[in-house]
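Shown here is one chain on its own, the form predicted on its own, set out as C-alpha cells.
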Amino acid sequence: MYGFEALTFNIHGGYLEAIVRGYRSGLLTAADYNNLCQCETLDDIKMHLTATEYGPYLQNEPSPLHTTTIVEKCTLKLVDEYKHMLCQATEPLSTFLEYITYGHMIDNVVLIVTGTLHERDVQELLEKCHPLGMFDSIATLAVAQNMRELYRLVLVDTPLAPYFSECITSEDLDDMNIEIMRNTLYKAYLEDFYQFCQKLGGATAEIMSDLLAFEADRRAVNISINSIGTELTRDDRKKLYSNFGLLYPYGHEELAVCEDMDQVRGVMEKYPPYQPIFAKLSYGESQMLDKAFYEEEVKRLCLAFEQQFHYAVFFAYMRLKEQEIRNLMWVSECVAQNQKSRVHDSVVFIF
C-alpha cells in the first residue's frame, strides 16, 4: 500500500496528525534553551517557562520551587496530550499509541521490584513511577519474590504478559536478575512493536523500522558496555540483543565478545551511520556516549516530521517531548546546585 496512504489516511488519522504537528510547534527552541541556561534561580526558569506551552501548568506553583515540581508538571502536560490523542484515535492508531507506553510500563515494573528489594516504601516508589506506564495492579508488585510470582500474581493481566515468557524463572530476584529481566522484556517489546509496524506497512513501516532499529542498536551497545567485567557470558549477552537492526546479526556476534570500550568502538565504526557518533568521543571514553546517541536520535525523530500520512510522527513527538523534559531536568538541577558551568553538558537541542 506504500505510496497510496494519501488516499485514505485522513479519514481516520488526519485530525490527529494535525494535532500532533501542532503540538510539535510548541517544543522549546535553541533560543529558549539559551535563555533557560542564563537563569539564576528555579523561579527564573519558571518565569521563562510560563511564556511557553508549559505556562498553564506552572503558573500557580508557589515558591520556593523544586526541580521535581518542574519535571512533574512538564510530564503532566505530556500525559494530558497523550491522553487526548488516545481518546480520539481509532484502530490501528490506538494500538500504536498504546505500544509507545509499554517501555514506561517495563521501567515502572523494574523500579518497583528493585525498590522493594531494597526495602523502600511502596507509596514512595509509586510516586516516582512514570504516569504513562501505570496499570491497575502495579502496587501489588511488591509482594513478588521471584519472576514466576511476579508474572502469576500481577503481570498476567497487563499488556506486558506476552513478553514475560522468556524470563519466567524460579530464581529469587536480585539486582542482576532484575537488570536481565528489564533487558529481556525490552527485547521482546521492541521486536513485537517492530512486527506490528511492519504489518501496518507503507511509510509507517519504513520510518518506524529505522527508528526502532536505532533503538535496538543503541540498547545492544549499552548492554555490551554495561556487561564488561560482569559474570554475563557471551551467550547471555547475545540473548539480550534484539533480533533486528543494523547490527543484526554480524554486529551482535562481534559485540558479544568485546572486553572493553575501545573494542565496542571498533565494532561500531564498521557501520557508517554510527561512525559520526563515535567520532565525537575520545578513546576509552563512554560518559558522553549517551548524549551522542540522544543527539543522533533527535535528528532522526525530527526527520519523521518531513513525511506525511504515517504514524511515526506520534512516536517521534512523544520521544522528543521526553528529551525536552530530560533537558529541563538537567538545566533545573544545574541551576539549583549552582553548577552553571556544566549546564550545556547534557542539553540536547531539538530544533
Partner chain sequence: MEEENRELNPENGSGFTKQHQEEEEDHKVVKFLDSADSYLDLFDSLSSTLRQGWLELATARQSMGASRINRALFDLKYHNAATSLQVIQDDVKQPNFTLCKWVSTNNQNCSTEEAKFDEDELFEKNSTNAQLRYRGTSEIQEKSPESIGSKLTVVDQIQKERSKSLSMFGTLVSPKLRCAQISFETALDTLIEMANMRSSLLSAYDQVHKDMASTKG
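The shown structure was predicted, so the numbers you read here are calculated from the model rather than taken from an experiment. Residue numbers count along the first chain shown, from 1.
Omitted from view is the form predicted together with its partner chain, to which the following refers.
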My question is simply whether T68 lines the interface with its partner chain in the model of the complex - judged by any non-hydrogen atom within 4.5 Å. yes
Check K299 for me: does it contact its partner chain in the model of the complex (non-hydrogen atoms, 4.5 angstroms)? no
Answer for D44 alone: is it within 4.5 Å of its partner chain in the model of the complex, judged on heavy atom distances? no
Can you check whether V143 is within 4.5 Å of its partner chain in the model of the complex, heavy atom basis? no
May I ask whether L160, N243 and L255 each come within 4.5 Å of its partner chain in the model of the complex, counting any non-hydrogen atom? no
Answer among 202-210, 269-277, 149-157, 226-234 for heavy atoms within 4.5 Å of its partner chain in the model of the complex: the stretch 226-234
Can you work out which of D136, E119, E91, E259 has a heavy atom no more than 4.5 Å from its partner chain in the model of the complex? E119
Among the candidate residues L76, L281, L86, M176, which is the single one with a non-hydrogen atom no more than 4.5 Å from its partner chain in the model of the complex? M176
Under the 4.5 Å heavy atom criterion, name the residues of 109-132 that approach its partner chain in the model of the complex, in sequence order. L111, T114, G115, L117, H118, E119, R120, E124, L125, K128
